[in-house]
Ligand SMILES: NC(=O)c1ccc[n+]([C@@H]2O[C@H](COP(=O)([O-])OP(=O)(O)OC[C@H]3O[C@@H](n4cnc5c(N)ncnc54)[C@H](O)[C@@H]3O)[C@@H](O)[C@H]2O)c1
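First comes one chain, alone, set out as structure tokens in the form predicted on its own.
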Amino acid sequence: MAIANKNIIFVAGLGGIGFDTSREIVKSGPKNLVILDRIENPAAIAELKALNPKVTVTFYPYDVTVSVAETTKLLKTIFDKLKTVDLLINGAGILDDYQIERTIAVNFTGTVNTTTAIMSFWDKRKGGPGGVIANICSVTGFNAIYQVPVYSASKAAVYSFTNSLARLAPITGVTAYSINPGITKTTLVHKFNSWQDVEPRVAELLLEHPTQTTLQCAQNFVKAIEANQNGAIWKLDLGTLEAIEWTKHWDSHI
């Protein structure tokens, strides 16, 4: 999907990987970039606007842990203004296995709820035009950091959810793919807590592995958006973009 002249909603578009990806998206010339994030950052929004004055960048405060009904109300405001939305990026995430309920609420439930809410506007069974969803997961979704099993499991859940969305595309008209970054230099990984304190040095040990920058990740994220491959499992690691195969795949005969 060419980004030029498209309308894009980016949930958590002001975070580490999110903000660099927002920059790269704006450079590619969408018509509208709507950023939904928990904390407003006027300086960051101003920077995005200055990068490409032809792009309309707007911000709405949004906590992904709110109900589907509340999310639907916010999306209605956006759809009433833009008329159409081409791409939804779900990027909210936290890494702290002390916060078990919040990790699941932000990393998984929030993605499910935001996706469910946008179906009211996109689902072709309801007369919608369809749309595209890019869910930011993680390589931990299929290669767990076992010292943070709650985080890893939440990402695996999003990964599985995304694969199901892709399989449902013939019914809903909504396609989906997953973005799975490897270890990336963000504030997320500088310091975090392991489950039950099984490894107090988990952040330090993780950063001993080869890492990529947020810019490298963002540039490959944009390439994945442009490729627009339904069901793709994109691995973004060490500055490379790779479509990987998930071997444990079977058809359900419910």
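A residue's number is simply how far along the shown sequence it sits, counting from 1. What you see is a predicted model; the values in this text were computed from it and never measured.
Keep in mind that the form predicted in complex with the ligand is not shown, yet the notes after this line are about it.
At 2.4 angstroms from backbone or C-beta atoms, do at least 3 atoms of the ligand clash after superposing the site C-alphas onto the pose in the model of the complex, making the site blocked, or is it open? Transferred pose: open.
Can you say which of 101-109, 122-130, 167-175, 71-79 gets within 4.5 Å of the ligand in the model of the complex, counting heavy atoms only? It is 101-109 that comes within 4.5 Å of the partner.
Which of S138, T115, T162, Q147 has a heavy atom within 4.5 Å of the ligand in the model of the complex? Flagged contact: S138.
Evaluate I17 for contact with the ligand in the model of the complex, applying a 4.5 angstroms cut-off between non-hydrogen atoms, and reply yes or no. Because a heavy atom of I17 falls inside 4.5 Å of the ligand in the model of the complex, the answer is yes.
Just checking whether A12 would be counted as a contact of the ligand in the model of the complex - the rule being heavy atoms within 4.5 angstroms. So A12 counts as contacting the ligand.
Using heavy atoms and a 4.5 Å limit, would one call T65 a contact residue for the ligand in the model of the complex? Flag for T65 set to yes.
Proximity of I183 to the ligand in the model of the complex, heavy atoms at 4.5 Å: Flag for I183 set to yes.
For the heavy atom contacts within 4.5 Å of the ligand in the model of the complex, list the residues of 89-121 involved, in sequence order. Residues within 4.5 Å: G91, A92, G93, I94, R102, V106.
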